[in-house]
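Below sits a lone chain in structure tokens, taken as the form predicted alone.
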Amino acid sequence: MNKYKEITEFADRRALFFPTAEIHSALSGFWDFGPMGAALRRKITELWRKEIVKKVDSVEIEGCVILPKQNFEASGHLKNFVDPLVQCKKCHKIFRADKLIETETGKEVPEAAGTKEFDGIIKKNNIKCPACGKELANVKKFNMMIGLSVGPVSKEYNAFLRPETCQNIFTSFQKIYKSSRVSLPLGISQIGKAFRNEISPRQTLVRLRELTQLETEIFFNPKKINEVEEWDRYKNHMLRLKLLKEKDTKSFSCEEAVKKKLVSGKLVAYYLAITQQFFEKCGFSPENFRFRELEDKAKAFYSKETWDFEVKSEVGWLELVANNYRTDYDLSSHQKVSGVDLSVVEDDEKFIPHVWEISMGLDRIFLYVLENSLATRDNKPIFKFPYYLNPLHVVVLPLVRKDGLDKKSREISELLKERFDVKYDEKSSIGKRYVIYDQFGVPLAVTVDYDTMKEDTVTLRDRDTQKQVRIKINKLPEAIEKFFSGEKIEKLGNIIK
């Protein structure tokens, strides 16, 4: 069984994530997250805030998911946010043309390619409907935005669910810039939902209709693209780059990437390094990730330069982050449609800032963290997350639910909650509970037994080695801190044979 299948089966069995409104034959492309899944997503978000938002001195906002039609006239989404759609003439089933071609021929075709190009490839390769084998109609472009009618008298779409969270950032830029009291470069970040009416949602969390983005947009003076305050700290950081004209991924220092003009400037190299460091902290191995340079046809319509951060996964190379040099496209477009001046004045010069974008997909990151952390013991899946991504640090387990062991366990749980993420569980046998929380990736288990009541000690168990030691309750928080600092469990107390 491959990792992807193990994860989806485990996720369903343990309610890690599951289809929204599943009891009502749910719509595809929408997912809910159970307690442990939601906890892991919060930990990823906390790491993002620490390693991206705080590190680059970005400010964080929270924007509305519904935006007016004019917003998307300005952004270009009404015209350009489209996927290629092809329908069978006989059974009328619908497919994404680019993915169908990739499946049938093994070759990638940029989704931004023209409809005539798609039609030509389909005809040349004699591609038929996968469902019934009959002829396909001509390819059409399908706009993926989800429209809304806001207000009691509106008869047509006058608003849309945002397809990307950055639109709130662009429309609020001027207000944030003036109120934040900082000079450029200015980073504005946001975590939130985005909505895309995908033709074929698939592979659980890989392609969704409702997704969560971790977005950072950095506004800067294009004349200062080679002025980076932290450059000396990052110039020797090695980037994993898959260049357009190269077959293999190669490593370049940030300084090399700038000198060889692989990137537009020091600012780009710096933010690529920051992004890569985030995923290194997530426990990803360098041989399994890369920044892939995109050709013009594959880039978003607003991007001058794009580096997709990809990981080697069970489903192939999977994009987790779009790193785009959006130039002044967004602010200029919104200024033109709204009539509001979105320029800034710095160093006695008036200009419209350029934008570097770090757009992360939380759902895909979450899925790959699961894949990357999955291990097997006794033919059963267990997760081994990096410490700071563990949904829980400790689980407290009474041996039985009587004789005061449950009460004492709750007291210990409350004690540990002051410093750690803790869960109390008294259901099922102690062996079964060990298995369940090992699978969830909880690194430590505290067991309260009859000796606890006599000696004021508990058993501390390591998930990975399954070794157990006896520790005094008043020493327990300190012992757990030492364990997470790298101390082996056998050095923390008396080993239980």
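Because the structure is predicted, anything quoted here is derived from the model rather than measured. Residue positions are given as counts along the sequence shown, with the first one as 1. Each form is matched to the other, and the largest set of C-alpha atoms that superpose within 1.5 Å is called the rigid core.
Here the subject shifts to the form predicted in complex with a further copy of the same chain, a form of this protein not shown in this document.
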Non-hydrogen atom contact Ala445 with a further copy of the same chain in the predicted bound form at 4.5 angstroms: no
Contact of Ser485 with a further copy of the same chain in the predicted bound form (heavy atom, 4.5 Å): no
Distance check, Lys475 to a further copy of the same chain in the predicted bound form, heavy atom within 4.5 Å: no
Contact of Ser183 with a further copy of the same chain in the predicted bound form (heavy atom, 4.5 Å): yes
Non-hydrogen atom within 4.5 angstroms of a further copy of the same chain in the predicted bound form for each of Phe30, Asn71 and Asn158: yes
Proximity to a further copy of the same chain in the predicted bound form, single hit among Lys242, Lys141, His77, Arg209 (heavy atom within 4.5 Å): Arg209
Selected contact from His334, His237, Lys408, Arg292, since only one has a non-hydrogen atom within 4.5 angstroms of a further copy of the same chain in the predicted bound form: His334
Which of 214 to 222, 379 to 387, 260 to 268, 141 to 149 lines the interface with a further copy of the same chain in the predicted bound form (heavy atom within 4.5 Å): 141 to 149
Contact set, 172 to 201 vs a further copy of the same chain in the predicted bound form - heavy atom within 4.5 angstroms: Ser172, Lys175, Ile176, Ser179, Ser180, Arg181, Val182, Ser183, Lys193, Phe195, Asn197, Ile199
Yes/no, Val345 Cα shift of 2 Å or more between this form and the one not shown with rigid core fixed: no
CA of His92, rigid core aligned, shift of 2 Å or more between this form and the one not shown: yes
